[in-house]
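Only one chain is given next, in structure tokens, and it is the form predicted on its own.
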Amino acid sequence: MADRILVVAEDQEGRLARAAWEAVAAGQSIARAFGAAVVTAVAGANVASLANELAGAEISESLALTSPLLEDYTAEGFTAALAPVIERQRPRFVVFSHTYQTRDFAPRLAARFSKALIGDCLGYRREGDRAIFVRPVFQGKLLADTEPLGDPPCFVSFQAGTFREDSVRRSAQPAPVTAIAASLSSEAIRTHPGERFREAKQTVDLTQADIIVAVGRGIKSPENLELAKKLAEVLNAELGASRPICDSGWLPMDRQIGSSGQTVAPRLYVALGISGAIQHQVGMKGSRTIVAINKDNEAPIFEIATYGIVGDLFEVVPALIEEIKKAKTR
């Protein structure tokens, strides 16, 4: 059985974003579970500095795949550059972060090896020598256990926030960096990239937020959202919501957190009037510190909360806002 985990680290505008480090954390976790070594790979026209940055993690080798034809991303170019590396490395798992770019080229890369991509995963577990990956199905209403069949490699991507960026293990001794000149021809790349995809202007990327204030049905009416917005303002936080709030149109769908929304892992997550159904927990349980305010002392959110306040949020939140303001003036 192959004894390597290959992590494909994605750069965004010349830097390693949070998703890249989350993929490294996922690879390290799987490697510990299966007694394997981690190798990272980053592709582009000039990625030596990124490969050196990745070498600071606890890995066995960092690969820099370079070619002038990789300056602009194309699915054909990335597939052609990564396929020979996978053939040489013979990894058991090829790990990606579940980004728009991954969704574009990773299925093509997996098909090159007659494999499927197990995408959008929320976790995994080891059963004997088998790997079981957990992913949402039916718009997040159910979670499915998915097992890769046949010989390796297995291609798998993880949702943002499934593994925390700060959980990456570092090494005092940098791993060796290997530069690989990708053998590409312009004739093989038949597509030409357009403008890089960006979300609509009103869309917020909650996966990048350090602090999130999220509201649930306990907020009672859309008029009461102003209270949550005031708390978010004093905390310099983004505003999120559970699915019922977005389904009701009180907040746009890009604010939804959960299995059918965004998966987040901020430093601080404040849940206001959120009961904590499993579909919501899936989207935020990776948060470093969770503060839950709910008048129902049996709400499931308290099972995962770091700090829980059983009380009326309309009494607790105003007092909390005032105390935060006082602390800022000291």
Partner chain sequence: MKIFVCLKQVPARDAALRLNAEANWVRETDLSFEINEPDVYALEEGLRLKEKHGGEVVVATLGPERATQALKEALAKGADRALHLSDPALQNLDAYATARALAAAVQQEKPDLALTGLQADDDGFGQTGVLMAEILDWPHSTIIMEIQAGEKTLKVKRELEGGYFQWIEVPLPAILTIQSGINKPRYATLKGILAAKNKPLQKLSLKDLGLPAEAVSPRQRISKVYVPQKSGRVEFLEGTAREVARSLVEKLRNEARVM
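Residue numbers count along the first chain shown, from 1. Keep in mind it's a predicted model, so treat the numbers as computed, not measured. Rigid core: the largest C-alpha set superposing within 1.5 Å between the two forms.
Omitted from view is the form predicted together with its partner chain, to which the following refers.
Its partner chain in the predicted complex comes within 4.5 Å of a heavy atom belonging to R108. Under a 4.5 angstroms non-hydrogen atom cutoff, its partner chain in the predicted complex lacks R255 among its neighbouring residues. Using a 4.5 angstroms limit between non-hydrogen atoms, D166 is distant from its partner chain in the predicted complex.
When its partner chain is considered in the predicted complex, R32 lies well away from it, no heavy atom lying within 4.5 Å. Contact here is defined as any heavy atom lying within 4.5 Å of its partner chain in the predicted complex, and by that definition each of R135, L235 and A327 is a contact residue. Taking a 4.5 Å heavy atom cutoff to its partner chain in the predicted complex, the contact residue among A37, L268, A48, L69 is L268. I118 is the sole member of I118, L82, A209, A228 with a non-hydrogen atom within 4.5 Å of its partner chain in the predicted complex. The stretch from 23-31, 295-303, 37-45, 61-69 that comes within 4.5 Å of its partner chain in the predicted complex, counting heavy atoms only, is 295-303. Residues L143, A144, D145, T146, E147, P148, L149 of 143-168 are found to place at least one heavy atom within 4.5 Å of its partner chain in the predicted complex. Annotation: Cα of E71 displaced by less than 2 Å between the shown form and the other one, core superposition.
With the core held fixed, G258 shows a CA shift of 2 Å or greater between the shown form and the other one. Relative to the superposed core, R288 undergoes a C-alpha shift of no less than 2 Å between the shown form and the other one. Note: I212-D166 Cα separation is 3 Å or more longer in the predicted complex than here. Relative to the shown form, the Cα atoms of R15 and V282 move together by 3 Å or more in the predicted complex.
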